[in-house]
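A lone chain, given as structure tokens: the form predicted alone.
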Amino acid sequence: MAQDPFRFSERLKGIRPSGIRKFFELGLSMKNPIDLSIGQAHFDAPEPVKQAARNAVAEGRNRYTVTQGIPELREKLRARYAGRFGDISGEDVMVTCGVSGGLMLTFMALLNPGDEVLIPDPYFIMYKHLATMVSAGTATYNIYPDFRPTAERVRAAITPRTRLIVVNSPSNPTGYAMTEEDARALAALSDETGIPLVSDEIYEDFVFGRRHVSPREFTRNCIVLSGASKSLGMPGWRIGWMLAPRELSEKMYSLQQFSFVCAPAPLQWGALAGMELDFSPHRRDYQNKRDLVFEGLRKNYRAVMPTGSFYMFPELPAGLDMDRFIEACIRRELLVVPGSACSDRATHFRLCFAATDEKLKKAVAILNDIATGR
């Protein structure tokens, strides 16, 4: 018998389809779903951003850019980070194909087969699979029940194989935004152990009632990842960026040359146009949405009030298992994500409140009906 010419690689065996994307596809088959499953802002890219991209296309800026991104955008980002962190002379900014592209480059550059990366539990599902793609492993540090990424919780999970520590603030899926105390302690732990922090800050503009805090403020032993996908309402444009030590950044240029090549050229110009826009009206709107959902569910669901992002991670009511809960939601055309898609536990669910107030009110009513058996 002839050997199968399409034999799957070992790394592919460790990767499962995203449980979150499954709900996105399910929503496409429904007539009028209340889709609180996919993590993207409900507003569109601002008109000045779209116009800048159109102009770039019309003016012929459709060719490859230098791998690290157009100089104008990188210079704007350098100024932003210098204003936030002070001296960044030993670091450099590069434009990536979304934060996921930046994470892929980071893992490719710093992880060898058998190395381990620490991620929080609950976690953004991509962290595990990106590690698998470079033949590394993941271990979790438990942040239940308050979702704080404390240095003590991280320290308890460190092993001789630990090579990177991922922190995500504001968090997907929990909505927790790091405090200065959290960030200082993690920075001190990184300096003590010599294990770099990888700080995923894609939701940095969505912080409620406090300022965004990055561990990079307190240590240089940190790679900062962010982008335009969430705050500029353009997740499909795939524009992210990274601040990292210059020696590492230069290695990543080569990795990007032979993988993503560069971020989409006209869309980099669009992102540049959005850098000075005022985000505060959206922030106030999303804080109100958070309050609407949190207050609407608090009688029947235990939840930690989110201080950032646009996610909530409520606990299932006692006596209700995950399968029955998700089935009940789907029957009512409400889509949320089971916690088991982004955690080693199956006790909570992720709700994305990036939706109209009308849909959020309907979702709250449905969830309360399910909790009370109606």
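The numbering used is simple: start at 1 and walk along the sequence shown. Only a predicted model underlies this, so the values are computations on that prediction, with no experimental measurement involved.
Keep in mind that the form predicted together with pyridoxal-5'-phosphate (PLP) is not shown, yet the notes after this line are about it.
Just one listed stretch, out of 86-94, 300-308, 215-223, 165-173, contacts pyridoxal-5'-phosphate (PLP) in the predicted complex at the 4.5 Å heavy atom level, and that stretch is 165-173. Proximity of P149 to pyridoxal-5'-phosphate (PLP) in the predicted complex: non-hydrogen atoms within 4.5 Å are absent; the residue sits far from the partner.
When contacts are judged by a 4.5 Å heavy atom cut-off, S100 counts as touching pyridoxal-5'-phosphate (PLP) in the predicted complex.
Using a 4.5 angstroms threshold between heavy atoms, K230 counts as touching pyridoxal-5'-phosphate (PLP) in the predicted complex.
pyridoxal-5'-phosphate (PLP) in the predicted complex comes within 4.5 Å of a heavy atom belonging to Y203. Contact here is defined as any heavy atom lying within 4.5 Å of pyridoxal-5'-phosphate (PLP) in the predicted complex, and by that definition not a single one of F294, G296 and F349 is a contact residue. The listed set F124, Y286, W269, Y141 contains one residue whose heavy atoms approach pyridoxal-5'-phosphate (PLP) in the predicted complex to within 4.5 Å, identified as F124. Though pyridoxal-5'-phosphate (PLP) is absent from this view, in the predicted complex it lies within 4.5 Å of a heavy atom of just one residue from P314, G339, G69, G39, which is G39.
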